[in-house]
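A single chain comes next, written as structure tokens; it is the form predicted alone.
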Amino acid sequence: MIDKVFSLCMWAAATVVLCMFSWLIADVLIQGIPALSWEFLSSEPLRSGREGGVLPIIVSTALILVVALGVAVPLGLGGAIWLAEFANKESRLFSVIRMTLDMLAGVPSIVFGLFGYAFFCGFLQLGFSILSGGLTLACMILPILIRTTEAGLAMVPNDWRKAGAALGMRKTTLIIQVLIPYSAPAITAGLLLSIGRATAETAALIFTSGYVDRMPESLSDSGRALSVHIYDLSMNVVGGDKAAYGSALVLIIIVVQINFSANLLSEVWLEKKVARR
């Protein structure tokens, strides 16, 4: 009876989540599809976004995401490898670092936004720019990326490490050829979680990348991300709901496409690694 009640509760919880997600997606599709067109995707915003399109917004979002991932992925992968393979698991420093990462992963994004405004915009004098927004997002997604990648590396059986040592493999070769391919699903999951949080972020980017909706010419220009554009249209622009729904649909399509591409690349990479062996 206890098992049946528990299973029923789990199914009920899953059904509620699925219904809420379906309602959200259906609402965005119904309201956003009429606003979606080639002109909407290829033109600049007009009249504060009520008319025109979102091309500069998409370009700014892509540049911010490239900066964030370009900084966070190497640092996150390196930090996770150090924690999983080189750090002393019994030391106090190891415990402090892991606890700090867990705390940072739960810090509200507005705090990262204020930090980015004070450090990148003010102290480093980068101003309101795509570079400031991307670096702030990199700081925000680093804890998630490090912890998920570390968890994936920790799942690799120790027998594999011993076998590699017995075969005379260098530590670097073992990590690159064995551990990272085995941990590819966890690394991909961390990457997707990071991308999802970065592309949907609003509070941190308002204080760092700015509101400008023109086409950026360099990383030092201010750029408005899609999430900020949706917020501005829905909260500050009278009559901007139609464009806000269209922008939200574009953002969902971008996130889904990135997730699909990342999963596909991960599977292809893993299959090639297995085939070589």
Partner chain sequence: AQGNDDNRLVITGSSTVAPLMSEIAKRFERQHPGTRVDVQTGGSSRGIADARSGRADIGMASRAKKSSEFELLFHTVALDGIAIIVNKNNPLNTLTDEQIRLVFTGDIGNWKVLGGSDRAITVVNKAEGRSTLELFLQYMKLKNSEVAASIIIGDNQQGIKTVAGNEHAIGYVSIGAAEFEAGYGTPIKLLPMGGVAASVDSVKNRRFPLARPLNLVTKQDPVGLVKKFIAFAQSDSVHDLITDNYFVAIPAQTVAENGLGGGQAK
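On a predicted model such as this, the values are computed, not experimentally measured, just so you know. Numbering follows the first chain given and starts at 1.
Here the subject shifts to the form predicted in complex with its partner chain, a form of this protein not shown in this document.
Residue contact check for S43: none of its heavy atoms lie within 4.5 Å of its partner chain in the predicted complex. Within this chain, V237 lines the site of its partner chain in the predicted complex, having a heavy atom no more than 4.5 Å away. When contacts are judged by a 4.5 Å heavy atom cut-off, I206 counts as touching its partner chain in the predicted complex. Within 4.5 Å of some heavy atom of its partner chain in the predicted complex lies at least one heavy atom of V212.
The partner is not shown here, but in the predicted complex the stretch 107-130 reaches within 4.5 angstroms of its partner chain through a heavy atom at L114, Y117, G127, F128.
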